[in-house]
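Same chain, two versions here, written out as structure tokens and called structure 1 and structure 2.
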Structure 1
Amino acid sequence: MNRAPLFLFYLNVLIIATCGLIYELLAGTLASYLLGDSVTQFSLVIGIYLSALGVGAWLSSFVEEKLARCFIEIELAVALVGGTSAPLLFLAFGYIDWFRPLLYGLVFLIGVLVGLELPLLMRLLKEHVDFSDLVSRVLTFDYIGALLAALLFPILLVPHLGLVRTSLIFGIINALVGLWGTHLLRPLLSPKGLGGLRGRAMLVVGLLVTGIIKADAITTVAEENQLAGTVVHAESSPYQRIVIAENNTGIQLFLNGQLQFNSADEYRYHEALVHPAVASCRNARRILVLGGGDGLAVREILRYATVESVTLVDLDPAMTSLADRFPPLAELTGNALRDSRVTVINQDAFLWIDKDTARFDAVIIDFPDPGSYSVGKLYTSYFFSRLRQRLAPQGVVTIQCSSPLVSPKSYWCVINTLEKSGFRVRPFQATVPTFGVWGFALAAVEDLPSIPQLSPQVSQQLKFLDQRVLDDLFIMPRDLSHVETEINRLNNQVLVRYYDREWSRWQ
């Protein structure tokens, strides 16, 4: 066998390895969207996939005849199963009892099929290449394929194609490899069955191309089934899946499948988040908002005539620009992010907090719940210690801390970590019908005022808070009393484990 066909065989190995890992990254991403705890889900998916590769390699020893035909049939099976895996998992989103067995079953099946392919290719080549060279070259291309998948998936594929199209496109690539194999391996194939193989390859390609044409419809049906509303806006950024749904209560924002607000009652959450801190400051002028890229917290801050500047730090530019592209959100926020006093910075707050040297009179922290380690780091003693350096001498912080009723350890872990980081902390809670009892913390380095005092000018603009209601927020009922927890540190991220364990009971 000359150099050109050999190179084509190794290119096959590269494509097989790349596609196989892409399918597993898709499965892991979808699992973390629905089930939370991305580290656990990715660990399970990759572990099952690697073990399935071993099962596939073992099963290959039982294939003794028609190796070339068997290789092509398996390649077409990988194309069909892998290519349809993301659409199937998306459609199963709304059925949690079916999602887990389907997820792990698809991961295992894809792993077995990919594990079958490489040994068969090596056996096809062993007559033409020295065994030691064969193994080293096949493994080299295999690992290069894994590297390509790891680079392409987060940088190019998910942001620009989305999960469903990525799955279908790589299925088509696998099917074309199978079709290509009917030419490359033609001397080893029976002429009698060659037409049938090529016909099946073209059929798989046709099915997957149809899937790409219908990809938006598949995604919309799946998300509406999961979110119980009509999807009116959806996009994938390099950081997250952003979906806005609408039903008879209003619009709802979902990030990676997790509800962020419902327009029917978001004012309760955002008034409770913002006003205790700003009302605690005398003539607050410089305000920092961490997270809250939807602009709703900024809307509340701008009710204060004393505010001269608001700095919003949110990782995702797709989120902070959403109001410009979705008018109902602009209306809900009152075009807050277009206000001349507002500066938007699209950076990771964890990194930005060390780079900026400005000091602020009040800091409003509206990060997502700590359901992953990438978010959990923003609730650590390390981050809170850096946050202290951004506060003016009399500066005040409020932070959302999840539900003290549903997840008491998660809630009090944030409180305890703040105190360990040198803050004086006053816990409080508010009822938001969409979310239930929700917890917050008011914190400062210096002594806090006993109760923040709302100005009459601001109070008359609010739907939920007045001075009497604000006073009551700081009364913690007996069933929300203090809980001892570990401190959330970078090297343990105990908060993520608390959160995952407590919220999983309610799924």
Structure 2
Amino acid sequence: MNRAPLFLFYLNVLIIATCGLIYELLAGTLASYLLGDSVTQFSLVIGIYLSALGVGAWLSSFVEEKLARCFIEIELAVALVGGTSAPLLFLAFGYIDWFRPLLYGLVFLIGVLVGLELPLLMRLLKEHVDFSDLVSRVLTFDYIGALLAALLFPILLVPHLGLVRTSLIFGIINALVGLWGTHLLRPLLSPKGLGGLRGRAMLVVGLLVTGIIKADAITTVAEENQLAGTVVHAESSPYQRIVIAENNTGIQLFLNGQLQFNSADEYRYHEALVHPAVASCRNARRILVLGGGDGLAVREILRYATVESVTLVDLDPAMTSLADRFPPLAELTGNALRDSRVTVINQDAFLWIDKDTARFDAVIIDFPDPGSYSVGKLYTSYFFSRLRQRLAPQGVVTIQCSSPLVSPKSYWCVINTLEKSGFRVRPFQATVPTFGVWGFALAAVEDLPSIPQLSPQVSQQLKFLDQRVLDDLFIMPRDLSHVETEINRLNNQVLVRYYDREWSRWQ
């Protein structure tokens, strides 16, 4: 082999390296998108991928003959597995229960195959190039390839192509490199079976091209599977991906893939969230809602004739205006956010709480679960102590605090932190079929809030609560009893760690 093809070999290395890292990044991104908890997902994917590279390199020592052919076969295998990995995972997520094993298995397989490639290629070239030159060049192009992938992925690929197309396109590139390899390595390949090899390469390319043509369909089917329904509305705000799906039970709202409510049983959640606080106030006039941008909590609040004003603070304007773009939500909320008594403020409640000076008779806290540090700060002793400054003298608070059954430490961490921040707290729970047993707390500053009395005027409008059911919410069964936890502070954010640990057990 002369000089010119050598350069082509290095190009080969570059492409292999780029494709390899792209598959890894794809798996990591997809896993965090589908499973949440990006920290764990990314570290697992990277860890598995890197170790698989090692396994591949070790396995390469067992390949003794037909190096060139083996190299091309592996190239095609990488193309096929890597190229179909993203669409496959997307589809599988909705259908199978063993998604994690599949995900990590695929990552491992791709890692092993990529790990096999470089050593084989180096052995192929070692007769033709000075060894130290070879190692340095191959590694150089390997690293450049990695850089290329790292740059392309966030800048070009994800924003412009999306995960499924990126995966397929790099599969095709990979398969084409394999096809081209049959020419480059021609002198080293036995003519027997060459036709078959090329045929297989064409087949892989053809398969992946079909995938690209069908990519749109795949993504919709995938997102729908994942959501157990048909996607009827989807948009992305700077803060989150908002997807609404519909099936025969009703409509469901997903934020970043996490279910927020199902119209079939959301009334249970929102009645339990709102009425204990508002009914506790002797004279509920000014109400504050933190989070709750869907407007469903506000719908419940507006049932009280005493209410003069509702202030809703939610980070995302896309959420608080969603009902304008998706009429069924407006119908579900009774157009609550457009009521003249309601003021919507789009700001991080953490910042708002320090700036405003008004005081409220009741505060309804409906933040997302504390799955990230930027939400976890809203459940800290610091935030709760600022919250006290927003409460009228006899003011009452209710807060949603995740499931006491699935995540007891998380639930009680919120309660314990409230108590540490000077609140007297009554824990309570309700069953919402979509979520299971869900935990809340009723809190006040001076005296322990008494169990609220529903007025008949409100009670008759409700689907879930009457006085007897409301009384029962405050009975905590034995398996939901108190646990000791640390206090969630800004400088430890233990709640995010508890939540992460507890929910990952159940997924």
Partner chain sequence: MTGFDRRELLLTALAGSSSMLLPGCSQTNAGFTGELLSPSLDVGHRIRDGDLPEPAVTNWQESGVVIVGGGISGLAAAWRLHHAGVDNFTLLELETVIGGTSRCGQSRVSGYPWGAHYVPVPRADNRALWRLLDEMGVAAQNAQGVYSAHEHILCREPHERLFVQGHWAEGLYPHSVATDEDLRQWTSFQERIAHWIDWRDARGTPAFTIPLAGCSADEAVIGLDEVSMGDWMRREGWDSVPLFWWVDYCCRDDYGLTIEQTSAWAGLFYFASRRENSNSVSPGVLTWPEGNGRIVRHLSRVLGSRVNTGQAVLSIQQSDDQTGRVRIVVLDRETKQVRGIRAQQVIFAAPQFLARYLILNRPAGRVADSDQFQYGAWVGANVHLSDRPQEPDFPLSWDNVIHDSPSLGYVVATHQQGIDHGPTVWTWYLPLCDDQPSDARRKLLDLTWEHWAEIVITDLERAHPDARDLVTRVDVMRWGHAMIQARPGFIWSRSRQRAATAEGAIHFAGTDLSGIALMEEAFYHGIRAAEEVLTVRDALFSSFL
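C-alpha atoms forming the largest set that superposes within 1.5 Å between two forms make up the rigid core. Numbering runs along the sequence of structure 1, starting at 1. Just so we're clear, the structure is a prediction, and the values are computed from it rather than from any experiment.
Trainee: Between the pair I just shared, point out the form predicted in complex with its partner chain.
Mentor: Looking at both, the form predicted in complex with its partner chain is number 2.
Trainee: If I superpose the two forms on their rigid core, does the C-alpha of E73 end up displaced by 2 Å or more between structures 1 and 2?
Mentor: Yes, the C-alpha moves 2 Å or more.
Trainee: Quick one: once the rigid core is lined up, does G422 have its C-alpha move by 2 Å or more between structures 1 and 2?
Mentor: No, shifts by less than 2 Å.
Trainee: Core aligned, does the CA of A297 move at least 2 Å between structures 1 and 2?
Mentor: No; that C-alpha moves by less than 2 Å between structures 1 and 2.
Trainee: With the two forms matched on the core, what distance in Å separates the two CA positions of A52 between structures 1 and 2?
Mentor: So the C-alpha of A52 has moved 13.0 Å between structures 1 and 2.
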